[in-house]
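Only one chain is given next, in structure tokens, and it is the form predicted alone.
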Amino acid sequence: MEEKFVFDSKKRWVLGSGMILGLLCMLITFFKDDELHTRFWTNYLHNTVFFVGIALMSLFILAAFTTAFAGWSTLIKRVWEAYALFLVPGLVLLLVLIIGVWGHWHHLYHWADAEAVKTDKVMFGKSGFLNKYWYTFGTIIVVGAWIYFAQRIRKYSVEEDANGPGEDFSYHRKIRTLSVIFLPIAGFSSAAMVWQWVMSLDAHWYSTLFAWYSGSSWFLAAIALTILLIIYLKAQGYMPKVTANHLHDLGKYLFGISVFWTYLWFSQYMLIWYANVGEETIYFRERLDNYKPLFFLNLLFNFVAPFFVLMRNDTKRKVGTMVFASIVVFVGHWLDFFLMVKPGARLTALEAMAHHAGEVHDAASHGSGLPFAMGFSFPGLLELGTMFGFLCLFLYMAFTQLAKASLVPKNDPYLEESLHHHVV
């Protein structure tokens, strides 16, 4: 059952070239940007949070399936273990944002301006949570805790391969214990972090559904990337025991959680529209007034396409269909985070530049007056190139981890169930 993945020089060269392309796109963005480098920093924040979230959700999936005795997924778990360990370089990427807050390198967050907070009642009321200390130590402690669980689960999983399950399945019990502890920690801490990293870009806005909404978006991106990697590995001759039955179950998650994401999208929109509270409706007014094509494209990519493509049972067993649906969903949720990040950060930058110029910029009354701007109104080639660079970095780290252990967890007590998994 030993099956080793070889991370050869060709794969390293391809992924390394992709990372260089991404870096070049970031450099071009930086030097062609406005005086605050808003496009550069929003691209950096967008992709960092997106891929860190995929790593987190991979760990969450691994822990949830372990806790739920979901033996069918055992043949796939090494992919999620590898994805989860991207949290280590992810924390380094987040540290750049933290240093940027302290050093005033960027103007992403309105609450980072101490003078603005003093004169704004809403932001002053939130300043106990929205401040650089919470942003810094919350990120380091929480992401550090995620890394601890990811590394320990991986450690026991690999040790189980080398030393056997033991009569009492000691390694699996350790993994299960860590998984049970991690799940509630992940639930609460991921909400706090996504509020800090993303929701606070629109500092006056608050939604009780936002953590669920963004978390489901991360989850779907993680499942989509899992499907694509498994299909790639099988095409390379790896994972022969992973069958259409496993692909079918992953497809059900891609379909079902897409419907759940849509439910959350509609609930958040409907409740805010119905309440008609100014501080809440401004979030959707801004996106409908100035980002309408993206607003509806978001629904097309993340609900309409996966719903109609994956509704039939047999489409979840077809490689071509699953590749198409996974690419659409992955890009769709990258666009979803683009729409979460760009509008709020753009307004904050416009206000900062107007303030520096001695002008007044009223974010509450601009209506549909913002002009089209590539990289904000719609992602351009530089945004796509940056995303590709981050994706190559993510896969480079994942391939490095996959090469360190057998792709088949040969002593996992649920391996036989996974080997004989069949979907009726």
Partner chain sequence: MSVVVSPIREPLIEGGKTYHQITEDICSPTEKAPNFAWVLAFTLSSIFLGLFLFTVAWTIWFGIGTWNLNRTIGWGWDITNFVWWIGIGHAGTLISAILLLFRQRWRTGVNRAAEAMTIFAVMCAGQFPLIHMGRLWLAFFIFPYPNTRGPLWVNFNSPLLWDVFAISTYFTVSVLFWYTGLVPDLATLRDRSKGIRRKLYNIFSFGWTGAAKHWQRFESLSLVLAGLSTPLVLSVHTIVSFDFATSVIPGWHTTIFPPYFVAGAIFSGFAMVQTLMLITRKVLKLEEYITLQHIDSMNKVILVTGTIVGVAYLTELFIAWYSGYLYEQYAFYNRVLGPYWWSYVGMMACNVLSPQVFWSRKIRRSITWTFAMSIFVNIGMWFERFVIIATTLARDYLPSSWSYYVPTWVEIGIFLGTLGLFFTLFLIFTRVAPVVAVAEVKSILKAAGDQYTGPNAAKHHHHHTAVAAQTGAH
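Numbering follows the first chain given and starts at 1. What you see is a predicted model; the values in this text were computed from it and never measured.
Note that the form predicted in complex with the partner chain isn't included here; everything after this is about it.
Query - Joint contact, R173, V180 and F188 to the partner chain in the predicted bound form, by non-hydrogen atom at 4.5 Å - result: Spot residues vs the partner chain: full contact, yes.
Query raised in the report: Hey, of 88 to 96, 338 to 346, 142 to 150, 125 to 133, which bit sits against the partner chain in the predicted bound form at 4.5 Å between non-hydrogen atoms?
Result: Residues of 125 to 133 come within 4.5 Å of the partner.
Requested in this report: May I ask you to choose, among L264, A244, I231, V328, the residue with a heavy atom within 4.5 Å of the partner chain in the predicted bound form?
Outcome: After the contact test, the surviving option is L264.
**Report entry** Proximity to the partner chain in the predicted bound form, single hit among A235, V277, A114, M311 (heavy atom within 4.5 Å)
**Finding:** When the partner chain is considered in the predicted bound form, the option within 4.5 Å is V277.
Report task. Give a yes or no for M270: in the predicted bound form, does one of its heavy atoms lie within 4.5 Å of a heavy atom belonging to the partner chain? Result -> Residue-level check for M270: yes, a contact with the partner chain.
Query raised in the report: According to a 4.5 angstroms non-hydrogen atom cut-off, is T208 in contact with the partner chain in the predicted bound form?
Result: Yes.
Query raised in the report: K410 near the partner chain in the predicted bound form, any heavy atom under 4.5 Å?
Result: Yes, K410 is a contact residue.
Query raised in the report: Looking in the predicted bound form, any heavy atom of L370 within 4.5 Å of the partner chain?
Result: Output for L370 is no: heavy atoms all beyond 4.5 Å of the partner chain.
Query raised in the report: Of 87 to 106, which residues get within 4.5 Å of the partner chain in the predicted bound form if you count heavy atoms?
Result: Nothing in the stretch sits within 4.5 Å of the partner.
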